[in-house]
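Before any questions on binding or motion, here is one chain by itself as structure tokens, the form predicted alone.
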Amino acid sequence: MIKPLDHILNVPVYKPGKPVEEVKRELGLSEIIKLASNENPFGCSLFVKKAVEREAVNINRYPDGGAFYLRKELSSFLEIDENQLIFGNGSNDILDMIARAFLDKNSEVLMFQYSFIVYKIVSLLQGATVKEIPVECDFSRNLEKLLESITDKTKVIFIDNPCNPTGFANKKEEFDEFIKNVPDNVLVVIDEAYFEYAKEHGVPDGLNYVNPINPKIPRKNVIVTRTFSKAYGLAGLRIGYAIAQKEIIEILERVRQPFNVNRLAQVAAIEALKDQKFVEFSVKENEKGKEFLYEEFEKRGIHFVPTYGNFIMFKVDDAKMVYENLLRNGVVIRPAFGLDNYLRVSIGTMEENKKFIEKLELLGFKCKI
């Protein structure tokens, strides 16, 4: 049998949340609620659905490789230059581009412990050395420790803000100081997949580090990645984007696969941007669901980590048992990989949230208050 490159064997395999169809098939269940992948439980904008239906007649044609119309729409929405954007088959695609463009076996990558696992995957695929900076006991992240860990070999720093799976986010003041002190030869990748859910809670807008508006913050090498998968509800179409200075975008374009964003995804993203009322609705409902779950966890004495995303990480005595029993009862959540006895639940519709709590009660998590 043919052998892979030695460093490939050290790359962890990404484990997605179980799809509804698989759970139905394996367990013989007819009704499933999926709260495992931080998807938007309210679907997507109706305007998006109509646009996708109209565009479906053209699926025999290759998409616009440069995403001309989406680029114009998004640059106008973000108030940035069109040449500061690049699009990907989900933001994961862009993370892979970054690794291929800037990392090799002589490179060092920094990230916090319990960061989104794809950073480690794409870095190890390039043979780079990955250093994970420990988080505090409450899962908060000390950006000064990240700065202290930079060496002559450090090429890229990945920061998910908010973080998946813990839900923690560093605030603007912390980030301002961090960016000011990052060396000019280090690339900072700020993953803002959950930005829409967090932006009203003191979490910084990464665009202000790409195009600094504060004269006290110098321009550094910063890439901000975002996605249409979460608040916009387009996870199934796989479309994300990154914002950076045009010189960095030009480098990424050299490693981008041709036609990497399909036709339906492009038209869906355009319509999704136009319907900000749907995004606002989704964010408001997420806040209601978050407060409901906080309250229900507190009543039952279940420890949870406050979140800035559309998911909550919580702790139980036997996470494997709780996960498997919830699965058999038709509720799909997610183990928080790397964290013993922690689980992560996506915030669903209020009906789904209540059903999740009902199933927890069946496992003995009764109200203590």
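As the structure is a prediction and not an experimental result, all values here were calculated from the model. Each residue number is its position in the shown sequence, starting from 1.
In what follows, reference is made to the form predicted together with a small molecule, a form of this protein that is not presented.
Only one segment in the set 83 to 91, 179 to 187, 199 to 207, 132 to 140 has any non-hydrogen atom within 4.5 angstroms of the small molecule in the model of the complex, and it is 83 to 91. For the chain shown alone, F116 is a contact residue for the small molecule in the model of the complex, at least one non-hydrogen atom being within 4.5 angstroms. Taking the partner from the other structure, the small molecule in the model of the complex has no heavy atom within 4.5 Å of any heavy atom of M97. The small molecule is not shown here, and in the model of the complex it never comes within 4.5 Å of any heavy atom of S123. Of the heavy atoms in T227, some are within 4.5 Å of the small molecule in the model of the complex. For the candidate set A269, A244, A193, V109, a heavy atom within 4.5 Å of the small molecule in the model of the complex is found for exactly one residue, namely A193. Interface residue among N260, N164, N170, S282 relative to the small molecule in the model of the complex, by the heavy atom within 4.5 Å criterion: N164.
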